[in-house]
Structures are given as structure tokens and as C-alpha cells.
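Next comes just one chain, in C-alpha cells: the form predicted alone.
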Amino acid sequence: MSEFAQFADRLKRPIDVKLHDFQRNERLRHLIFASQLTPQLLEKLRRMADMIRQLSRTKEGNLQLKQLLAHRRAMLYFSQPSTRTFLSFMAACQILGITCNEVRDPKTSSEAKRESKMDSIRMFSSYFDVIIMRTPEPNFAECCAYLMNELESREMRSVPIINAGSGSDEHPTQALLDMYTLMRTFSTDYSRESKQSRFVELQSQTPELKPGIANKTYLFCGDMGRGRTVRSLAYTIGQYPNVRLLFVSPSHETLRLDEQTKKRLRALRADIHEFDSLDAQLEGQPILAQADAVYMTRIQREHNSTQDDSDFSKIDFSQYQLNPERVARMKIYAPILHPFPRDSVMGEIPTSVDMDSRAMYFRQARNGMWARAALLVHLFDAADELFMLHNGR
């Protein structure tokens, strides 16, 4: 877009170079890329998310949380369709007492009068303390962060930008909640004061199971080429040592993992492998039997070209359905995740799997509320106040 032209040189830089622009004093200023979610930061956010969910179990704790950021206001600017991301951010704000407003259709804003998108963002920053945005335009969230940085450098009003999905780029807050789910799954912490975590119970049955994200095999299946949630989670997991990433998709160029993503993952020293069926084998063993976690995605047909529709009609998509027979080959502890929505027609995860103890996707969606609340606490530098609330309960 022409209005992004002023940021063209910054957009061309490698992501590793860009990350410094979105930090302030060892803390996030904006969340734009999943690579900002380092293992150290994720552990801090996990602890805060756990504190928030524990406090929320009581009326007194809920009331205390509602005072934590009651002086803050959030704009939810979602010009691309969303259900879970929008609602979980709304719920996260409500938990913390943040006042919310929304624009979900640009036709109801001054953009219908030819106001530029960047002008809209600057207007939002005049009234709100954080802008949470999902748009179909690639690079838009990143450019908004650069705009806020320029305003800050001139000592003008500037607010944090949270990328809740920007075109085909990345979806870092989905990676955040996915990682929170995996971290809790592979954690020895107590999930409630009176009960041990599911991990401890499973470890007694499978002594080889070790805690943490490192030293594990993660399987991704579905639309690897257009799945921004896949890329974001893979970049985040790839920061941990000794991880193996298995990508399962049709061999069609639209659906398989792109070369840039593979290059970035190899730079992280992740061990990556590609397959064209969930029934494939690696080193003589079924890949499903080797996975410590499985991340299923739908085929994003809304992005299909006419040629894609024609090509896809010849593909046997049953090779990418995690049916009960395939689930039976998985490890007894391996969580099944899905960023939703799932395709009710293709059935990449049929409802017959929903009651399996490894099916974590509805819990994963709920975790988005706690993880995103923790992110807001971090962005507004309210971690100390949260710790005091938690320790005083």
C-alpha cells in the first residue's frame, strides 16, 4: 500500500534486526512477531497467566483483577473476520477491568470517507491506551508500530500495537496461547492447589516423558503454505533446543511449507522434515507415533485461486484427517491442538475425537483468554501489582 511507503526500508530488514524496535527496557513495547516470544518471556507470561486464572476462581479475586488495569482503554480494530481472537481479547480486557471499544467493519468508520488507515490508527491512539488489530493487509501492524515509535521519538502520544493477525504474515498471540497450552501440558506444576498436573499423572505411566518444550517432536498438519498460525508457532518452538518439527501437507506449492519459513527454522537449528501423509514414516517408524504434540489446521479455501480449486479437486484430503484410527497410534500423552475454526466438511479433526483426553483444542481456545490477559499485564508493566494480588490472596 502506498501509505506504507515511508516504512519501506524498515520492512525490508531481516526480522532479527527489527526486533529491537519493538522492545523497551527488556519489555515488549509492541507485539508484532512470534520471534519476540522468547523462552524467557514465555515463562514470565505463563506464570502471570496462571496467577490470573487462579485469582479469577473467587469473587474477591475477580474484583481485584478488575481494578488492576481499570484506568486503561483498548481499541479492538478487527477489519478481518474473527471469532475466538476477538472474543478472547475482549474477555481478557474485561477480566482486567480495561474498557473496550471496537471497529469491526471499516465501512462504519471514516475509512468509508477515504480516511487513510494510518490516520485511523493515529486517531485510535488519541483515545485508547493500546490498539489490538487484525487486518487482511500484510505488514500493516508492523507499520503501525513504526508509526507509534516515530510519535514516541517526538514526545507525542504513542501506544502499544498488538498484532492479532496481519494478512498472511504472522499471528503471534495465537502462538502465545498455543505455547501456553503446551507449557501447561508439559509442566510439573500443580494445575490446582489440591491436584497434580496431568503431566505428573502421565509421567508415572511413561517415565521417558520429560517436562518442558525442548527435546520433543512436534507435528503440524494441513495448510502449511498459508497457515500464519503454523509459522508463528514453529518460529516460537524453534527457539528451544533439540526440537524436531514434522510438517505434513499435500505436495502442492500453495499448501506446502515455503522456502523462507524453512530457511528461518534451519537458522534456529530446528530439525525439520516434510511429509505428504499422516501415515508417513520417519526412520522406519510412523510419524504419528513419534509426535509429542500434534497441531492440526484446516485448508484455507477462502484464499484459493481458480487454479487452486481445480488442483485441489484432485487431492485426497483424507490423508490429512486425524481420525480415531490415527489418534490411536499417537503417544498417550501427546496433546492435539487446532487454532480453529475447523472445517466441518473436510473434517481434519472429526468430532468423534473431541472426547479423547488428548484433544486440547477447546481448552487451548480458553487458554487464549488467560494468555492474552497476561500479555496486557506485561505491556502495561503491571506484573508487580499482579504478583502482590496473587501473593496476598
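Note that the structure is a prediction, hence the values are computed from the model and not measured. The first residue of the sequence shown is number 1, and the count goes up from there.
The same protein also exists as the form predicted together with a small molecule; that form is not shown, yet it is the one meant from here on.
- The partner is absent here, but in the model of the complex a heavy atom of Q174, alone among N163, S249, Q174, T185, sits within 4.5 Å of the small molecule.
- In summary, among the residues Q321, Q300, T181, N139, the only one with a non-hydrogen atom within 4.5 Å of the small molecule in the model of the complex is Q300.
- Remark: all three candidate residues (T85, R134 and P339) come within 4.5 Å of the small molecule in the model of the complex, counting heavy atoms only.
- Heavy atoms within 4.5 Å of the small molecule in the model of the complex map, among the stretches 228 to 236, 120 to 128, 93 to 101, 147 to 155, onto 228 to 236 alone.
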